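Before any questions on how it binds or moves, here is one chain, the form predicted on its own, in structure tokens.
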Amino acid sequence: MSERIQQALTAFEKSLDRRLLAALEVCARCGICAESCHVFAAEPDFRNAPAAKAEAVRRFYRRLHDPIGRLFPWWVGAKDLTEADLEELAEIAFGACTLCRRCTMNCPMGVDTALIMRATRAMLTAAGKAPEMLTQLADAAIAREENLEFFREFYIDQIRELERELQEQTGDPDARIPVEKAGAEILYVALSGAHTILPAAVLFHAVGADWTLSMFEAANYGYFLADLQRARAIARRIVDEARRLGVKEIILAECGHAYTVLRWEAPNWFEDFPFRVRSIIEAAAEWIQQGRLPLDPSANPEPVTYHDSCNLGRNGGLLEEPRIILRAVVQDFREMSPNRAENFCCGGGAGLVAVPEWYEKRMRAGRRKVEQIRQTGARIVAASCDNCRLQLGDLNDYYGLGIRVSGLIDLVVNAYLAARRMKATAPAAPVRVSVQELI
């Protein structure tokens, strides 16, 4: 057995808990999962069915753990893991599955194929067979913390440039984007790029939030690699920063997997986790319901549909909050069919959108999403996840959809700024004077 195979199997054994054992053992081979998968829907080849992808893992699992598989491997389709198998598994786990869990929701046995694929990603990462781009991005995030002083001055200079835009948009010369503000109520963790900082800053300013901007980005490519050590190291940067600043809440930019990591996984990784974690989507929906944001939906007059992020929606439970927002900030909201927890994946999740060599694969995988969008007749597709926005933008170009892709918070900001302008230009109310006052 080669060293690479041994590393892969060691990592797989570490993942083999009761949840994974159940997923590997209870599949009835009924094939219902196939129709639930966006990859199979786009390319109806048996090899694209979730059960078939998982079966590639079950083959060597049975060789190791099934008594019949050890004695009579041909009887149960068991086989030893080989170098060629690692190549096949890399195509399956990283290239043909976005871990969206739609198949799990529709499986009568509840087989969690995404869990099997995550265990497969872990073994491939340990064996050095993970996509190089994902590995580099994960290591770069860790390096940022290790060399934070090198980045700090440049980063703060960029934020000061954004502050000037914030002041122009809000009409307030005192508007600020605070960084490393000790004692703030909220630590806002953005993604790389002004598009996730400035719109949120406008809303924080509008509601008078006591907030500060994180020095780190929300993305966690260690999670895509299923590398627990890297994923924890990347998450720890934010957790340590939140502790140091003494914040009460972490609010995350529009990012599906970042929400999964910090809302659901990180509290189990760290003993001291004394703060609430929310998405900016949850916060915006709450502010709208509280009446804290004046909004003019005529600022967004075109037909808008909404793409439910798999991590935020199906896996994270944020299904109604985006709709609270959209009904308040657009004039013509149209649902995709199916939607909410049954919505189809865009085809770019779980890191696929970051790997250039998989462009054609994810364009094909997004075909079912393209059909959904076309059926709505919408001109704008709103998304609450940056990976989804990138994938939807590529699908738009590839298939000639003629749409515009927007973040939810961008639409909120449009409606808010329009309401402010309307208020500023509204004529003053006439002064009513009684007859007695004129005498």
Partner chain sequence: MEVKPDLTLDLKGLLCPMPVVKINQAIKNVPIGGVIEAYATDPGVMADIPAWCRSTGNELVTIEKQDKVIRFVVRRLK
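Computed from a predicted model, the values in this text were never measured in an experiment. Positions refer to the first chain, counted from 1.
The following text describes the form predicted in complex with its partner chain, which does not appear among the structures shown.
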query: Hey, in the predicted complex, is Pro356 touching its partner chain, heavy atoms inside 4.5 Å?
result: yes
- request: Answer for Met133 alone: is it within 4.5 Å of its partner chain in the predicted complex, judged on heavy atom distances?
  value: yes
- prompt: Is His205 one of the residues lying within 4.5 Å of its partner chain in the predicted complex, judged by heavy atom distances?
  reply: no
- prompt: Does its partner chain get within 4.5 angstroms of any non-hydrogen atom of Gly193 in the predicted complex?
  reply: yes
statement: The stretch from 347-355, 178-186, 244-252, 295-303 that lies within 4.5 Å of its partner chain in the predicted complex, judged by heavy atoms, is 347-355
message: I need to confirm a contact call. Of Ala209, Leu137, Ala126, Met363, which residue comes within 4.5 Å of its partner chain in the predicted complex, counting heavy atoms only?
response: Leu137
query: So which of Glu286, Asp80, Glu88, Glu161 gets a non-hydrogen atom within 4.5 Å of its partner chain in the predicted complex?
result: Glu161
field: Sequence-ordered residues of 150-176 touching its partner chain in the predicted complex, heavy atom within 4.5 Å
entry: Phe150, Phe151, Phe154, Gln158, Glu161, Glu165
